[in-house]
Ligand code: AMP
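Single chain ahead, written as structure tokens, the form predicted on its own.
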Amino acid sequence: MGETPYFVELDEALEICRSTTIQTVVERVDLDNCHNRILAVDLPSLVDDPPFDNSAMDGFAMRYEDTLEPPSTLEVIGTIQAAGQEDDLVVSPGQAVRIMTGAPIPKGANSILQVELTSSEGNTVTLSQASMKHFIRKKGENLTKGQVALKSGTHLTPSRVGLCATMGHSSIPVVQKLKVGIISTGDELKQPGEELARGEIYESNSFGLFGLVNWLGHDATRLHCVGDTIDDLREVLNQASTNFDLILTSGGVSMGDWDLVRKIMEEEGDLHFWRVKLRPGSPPLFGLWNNTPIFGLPGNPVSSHVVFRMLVAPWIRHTTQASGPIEPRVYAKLATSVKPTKDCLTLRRVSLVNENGELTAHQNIHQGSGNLASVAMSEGMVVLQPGCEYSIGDTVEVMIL
């Protein structure tokens, strides 16, 4: 790639990442196993929805013109509870059919009145008001056979999986999940639950990254923490490049002598860029290790989280041609001061409050890049453009966490 770009704009970093992709695989899975997956094809409906005119209410089906002068008393000629029952019923003038929600509309009927607006005696029903034509759900009013309801790249939420079933699909083609290996680095790291000696901290980044990978619909594996030796790091990277589609490292990417991920990538890897104009999270790197894409994320937990959302997630969505999931963006008024930076896109953690119908953003927690609580206890991050000044009352863009 020639000389490695250093301290690049976020858009440039994203473009560099997008130039490196991996071959994805399509597999067919049944509906029980396609939640949170990425649809691999445009999916047409195999049926009309509804497949027939049906009742939206429990009540009576009748001719609308017989109900215009309530109260109206009609002869009840039968009952339809479900599809296929008494399909030979024909509603003539002065007649009605008892009908249940979802049951097909009998011939001759063109309206419904719900049961609570009627009174029955023997084989007659008396209506307290005119019947309702809009309580009939028309054949194909939701979907028509052959209509593409879900596009390739759709993130399959529960409602979308339900729609697949409504369209008649028992299984669908989805993008095979990427396998992502997560490596944390640093002699000072201990696993939660272990005793801490002086100078040691609990490793947390891999747990958050694991959840973010799963959020995107892919499979993550937390590998063991690597100490501060080049040989150990090389061995784990070699193993990861054999077993995973993507490698995420945490820590070791800054400018110090013990930032070994940066060092080994500069000396032995294929480094595509290092450092991005992003706060928090300026020292990430991207490249290839044994032809496997690798993102080197900062060790500070907030920086790690921000870099994943701003760099790694867009790359995964691009590689899998996925349209989601994404973080919603909203606009809010600043209720407290926020501090941008001169040359970096800056994200500050904020709480969002609805005040008299207006969304306001409050920065009320310490913004240090080591303070993971500032992410966990906030609803969003304000997106501050480099070199801009922001005052209380200004409208800002907020990424919802």
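For every residue, the number given is its place in the sequence shown, counted from 1. These figures come from a predicted structure and were not determined experimentally.
The discussion below concerns the form predicted together with adenosine monophosphate, not included here.
Query raised in the report: in the predicted bound form, which of the stretches 98 to 106, 114 to 122, 70 to 78, 300 to 308 has residues with heavy atoms within 4.5 Å of adenosine monophosphate?
Result: Contact criterion met by 300 to 308 only.
Report task. Look at the candidate spot formed by 20, 290 and 293 and say whether adenosine monophosphate comes within 4.5 Å of a heavy atom in all three of them in the predicted bound form. Result -> No residue of the spot touches adenosine monophosphate in the predicted bound form.
Requested in this report: Consider residue 189 of the chain shown here, and say whether it contacts adenosine monophosphate in the predicted bound form, taking contact as heavy atoms within 4.5 Å.
Outcome: Yes, residue 189 lies within 4.5 Å of adenosine monophosphate in the predicted bound form.
Query raised in the report: Is residue 331 a contact residue for adenosine monophosphate in the predicted bound form, using a 4.5 Å heavy atom cut-off?
Result: Taking the distances in the predicted bound form, the answer for residue 331 is no, it never comes within 4.5 Å of adenosine monophosphate.
Query - adenosine monophosphate contact at residue 280 in the predicted bound form, heavy atom, 4.5 Å - result: No, residue 280 sits far enough from adenosine monophosphate in the predicted bound form that none of its heavy atoms falls within 4.5 Å.
Requested in this report: Indicate whether adenosine monophosphate has at least one heavy atom within 4.5 Å of a heavy atom of residue 154 in the predicted bound form.
Outcome: Residue-level check for residue 154: no, no contact with adenosine monophosphate.
**Report entry** Listed residue (327, 259, 270, 232) with a non-hydrogen atom within 4.5 angstroms of adenosine monophosphate in the predicted bound form
**Finding:** The residue in contact is 259.
Query raised in the report: Which of these residues, 142, 254, 171, 321, gets a heavy atom within 4.5 Å of adenosine monophosphate in the predicted bound form?
Result: Residue within 4.5 Å of the partner: 254.
Requested in this report: Could you list which residues of 201 to 228 come within 4.5 Å of adenosine monophosphate in the predicted bound form, counting heavy atoms only?
Outcome: Residues within 4.5 Å: 201, 202, 203, 204, 205.
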